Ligand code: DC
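Form predicted alone, single chain, as structure tokens, below.
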């Protein structure tokens, strides 16, 4: 990609803090944040609108539905639009969350998402988070980071983000089961790039992991 600008790739399992961390890193460095997961959610949302049981969804039907999805630049990032409209709350619904892994494992849908992300990276300096970013989407990224955290801690963070209050032990246990199931599905599709820097965020405050990646980013981009 001769027009490729600077790219920082952040991979990791679900609820490892990739998106919020990448967003903050991009803002600090003056890059644009690309949340590839939001594109899978947008495609899933579009397909859900078309109706039908998820078990009957085909790659082509998802791609056809996703024709209404576009990626619009913002000051420090991008936001997916459906028919030109923001649908953040719809994209974060349980119905979409429960089916996004199904959509994300479709090879042609992954190719579609990756092409959109690469296009963004050809026009802007980017911090990209998601799956296969350092291995498939930007194999020559200036910096590759793989975030991980204990499943129970990831569950706690997800519930805290969702409700705004500290979750109960029972709720954490239930969410951890969902996280582990998601990990099992995602492990078949994505992995850590051999040259990625592994950062375990279990005991790190978000500000600490952001500062660490910003420092690595500044070193990598000169």
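Computed from a prediction, not measured in an experiment: that's the story for all the values here. Positions refer to the first chain, counted from 1.
The form predicted together with the named molecule is left out here; the points below concern that form.
Among residues of the shown chain, residue 92 is one whose heavy atoms approach the named molecule to within 4.5 Å in the model of the complex. Although the partner is absent from this view, residue 133 contacts the named molecule in the model of the complex, with a non-hydrogen atom inside 4.5 angstroms. Among residues of the shown chain, residue 167 is not one whose heavy atoms approach the named molecule to within 4.5 Å in the model of the complex.
Not displayed here, the named molecule is kept clear of residue 144 by more than 4.5 Å at the level of heavy atoms in the model of the complex. Contact with the named molecule in the model of the complex, judged as any non-hydrogen atom within 4.5 angstroms, is confined among 79 to 87, 94 to 102, 147 to 155, 118 to 126 to 94 to 102. Although the named molecule is omitted here, in the model of the complex all of 40, 182 and 186 have a heavy atom within 4.5 Å of it. Contacts with the named molecule in the model of the complex, taken as any heavy atom within 4.5 Å, map within 16 to 36 to 18, 36.
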